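Let's start with one chain on its own, the form predicted alone, as structure tokens.
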């Protein structure tokens, strides 16, 4: 699938919500009201055999009654009623089926899921799901999920195989002020998978970093090919569950996925240039940072600190993660000797000592970021008697317009700055 085809999923001209309801707690109703609340500008067609009106919109008894283009049909009805609706969608020329309904391969009902997918493909339709919570697209101001109503638009895209985890990540991103360009639930991946969605997100200007939660991979070669292209353009962070024997069994019972060797998966992700995260919080931290920060123009990194111990810890971390520390001692001395006091160090890590003031930190950081031979800066400080309180008071301190800082603790503060 190319990005032009899948654009209709993220930027549909018309949406039908099959199973729309005004009864509290009904998933179809939650999705419909989320769409209405999100400010979606396309046509919205609630569908329910009972007819009537919901949210000020006329309810169609079936899809055949709709006079208009339907790019996405959201199906939120019991599994046993899904296939007849899929036939109606084919007759209407629907492009994408977003099958919210559970009760397919995740509970052993693989045959019906495969029959649904074959029929859809035969009639030119693609299937997202089944067993999903929906999707969100900032480009269309579209919240077609049954998750939280308010989603902050931004530059991080999330692809998740777990619907519940996706709903939780919407909540976490809101609390942590992380804006989303898209969030998509893929569930059982009967048809549309991560590679298909990446095709769109690679070229999506609003997306600057991508987070994927994966339980199992079905079409490995294609995913590898697309990931290699994606990571040349924007950062991709992956959380892979089912790493342990018991975790793999749990994944199989959750979405019907088979989790392969974790060692092989890890090696392949490294070859693709993907960042692999151990936790949701770590992944969100990376995506937030990478979505707002340009990549370095080179590999030369300098550590700036006012404490020798934390500088040594940062040095160990750089070696562990293969971050190249700049080693030209003569050049480093010419850049930093005016701010290291008599007993500081101009060797990397640069030690400004406990006497360092706010202005000396600003001078050191500005000098580093303006130097063509230094490409990235890691700045740390320990709160001491003369600590730079101006840095401590805010989590966004940017006196020069050259860098952004974010705080990390209450005693030791960790800042990462990229050129």
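Positions refer to the first chain, counted from 1. Since we're looking at a predicted model, the values are computed, not measured.
What comes next is about the form predicted in complex with a small molecule, which does not appear here.
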{"item": "Listed residue (192, 269, 178, 85) with a non-hydrogen atom within 4.5 angstroms of the small molecule in the predicted bound form", "value": "85"}
{"item": "Residue stretch of 26 to 34, 349 to 357, 64 to 72, 364 to 372 approaching the small molecule in the predicted bound form, non-hydrogen atom distance within 4.5 Å", "value": "26 to 34"}
{"item": "Non-hydrogen atom contact residue 116 with the small molecule in the predicted bound form at 4.5 angstroms", "value": "no"}
{"item": "Contact flag, residue 209 vs the small molecule in the predicted bound form, heavy atom cut 4.5 Å", "value": "no"}
{"item": "Partner contact for residue 109 in the predicted bound form: the small molecule, 4.5 angstroms, heavy atom", "value": "no"}
{"item": "Distance check, residue 47 to the small molecule in the predicted bound form, heavy atom within 4.5 Å", "value": "yes"}
{"item": "Output flag, 18, 133 and 163 jointly within 4.5 Å of the small molecule in the predicted bound form, heavy atom basis", "value": "yes"}
